[in-house]
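Before any questions on how it binds or moves, here is one chain, the form predicted alone, in structure tokens.
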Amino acid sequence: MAEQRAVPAALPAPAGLPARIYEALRVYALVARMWLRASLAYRTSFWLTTIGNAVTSGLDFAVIAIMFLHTSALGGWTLPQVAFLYGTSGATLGLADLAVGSLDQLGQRVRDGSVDTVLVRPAAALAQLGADRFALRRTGRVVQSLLVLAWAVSRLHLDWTAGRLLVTAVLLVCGSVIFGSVFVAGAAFQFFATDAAEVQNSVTYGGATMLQYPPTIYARDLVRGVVYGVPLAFVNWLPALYVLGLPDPLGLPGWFRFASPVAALVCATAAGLAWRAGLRAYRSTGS
């Protein structure tokens, strides 16, 4: 059967960028609410999966804690300092996973042709697909990571100046945007390579696991790769150097520690362009 393009939206998109953003957020909220109500219909199952999600992700920190039973420092970082990395990495990934984590299944939807049902609706495809199967149980990872972060803060004995508090707050927001952008860019790639979910997971979940450990234990070329390539170092490594008052193992300019908002903006812009390119290249399965 000959390939055919999906039918365009029946209604024109709202004029103006603010109106389009508002409409996309409204659609996202409506779809997410539908899935939220569906998941809460079985409350026992919801709470069991939420707690299970938190316990499972907590095992990663248990492994780190066991390491420190045999050493007092890892790459020159103490356990509370590593816990700061763990908490910020897990919380930012968890928030991004909660918001747009469903996009990693886009390849399956491309293969079975169900993307067509999204494109014929007069609403933003990214908002519909990002909120598809919205799973509140994923907050288990966020809560568990924030608990570890709170413990780390209580044990670091830092002078929590306004600058440190601001950088930590910006870290959580910008880190979530960077991980979310990676989710969107990875989904866009699946328009071209329809079976690339594991490639996407290696960058998102694999990157988050890498960021749980100090940059000093990795080869310099790898650290440079997450600074100048996929800028995951701006999620928590570089801001953490300022918050924790530690030297930079790469000798980067000092302002790099405060450049997470710029990195997040660049990542979001690149992900948006990649998504538009992927959507335009999509061809219906004709089913």
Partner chain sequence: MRLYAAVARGSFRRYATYRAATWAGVFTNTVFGFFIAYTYRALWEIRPHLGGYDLGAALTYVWLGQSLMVPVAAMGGGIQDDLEARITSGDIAVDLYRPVDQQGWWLAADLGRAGYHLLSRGVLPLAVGALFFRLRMPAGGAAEAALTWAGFLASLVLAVVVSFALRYMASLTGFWLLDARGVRQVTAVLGMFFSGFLLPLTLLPPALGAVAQHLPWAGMVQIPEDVFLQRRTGGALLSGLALQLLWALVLLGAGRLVQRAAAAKVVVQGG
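The shown structure was predicted, so the numbers you read here are calculated from the model rather than taken from an experiment. Residue numbers count along the first chain shown, from 1.
Omitted from view is the form predicted in complex with the partner chain, to which the following refers.
Only one listed stretch (256-264, 215-223, 26-34, 241-249) carries heavy atoms within 4.5 Å of the partner chain in the predicted complex, and that stretch is 215-223. The closest heavy atom approach of R137 to the partner chain in the predicted complex falls within 4.5 Å.
Contact check for V115: no non-hydrogen atom falls within 4.5 Å of the partner chain in the predicted complex.
Within 4.5 Å of some heavy atom of the partner chain in the predicted complex lies at least one heavy atom of G52.
Using a 4.5 Å cutoff between non-hydrogen atoms, A73 counts as a contact of the partner chain in the predicted complex. Contact with the partner chain in the predicted complex, defined as a heavy atom within 4.5 Å, is made by all three of A62, E198 and M210.
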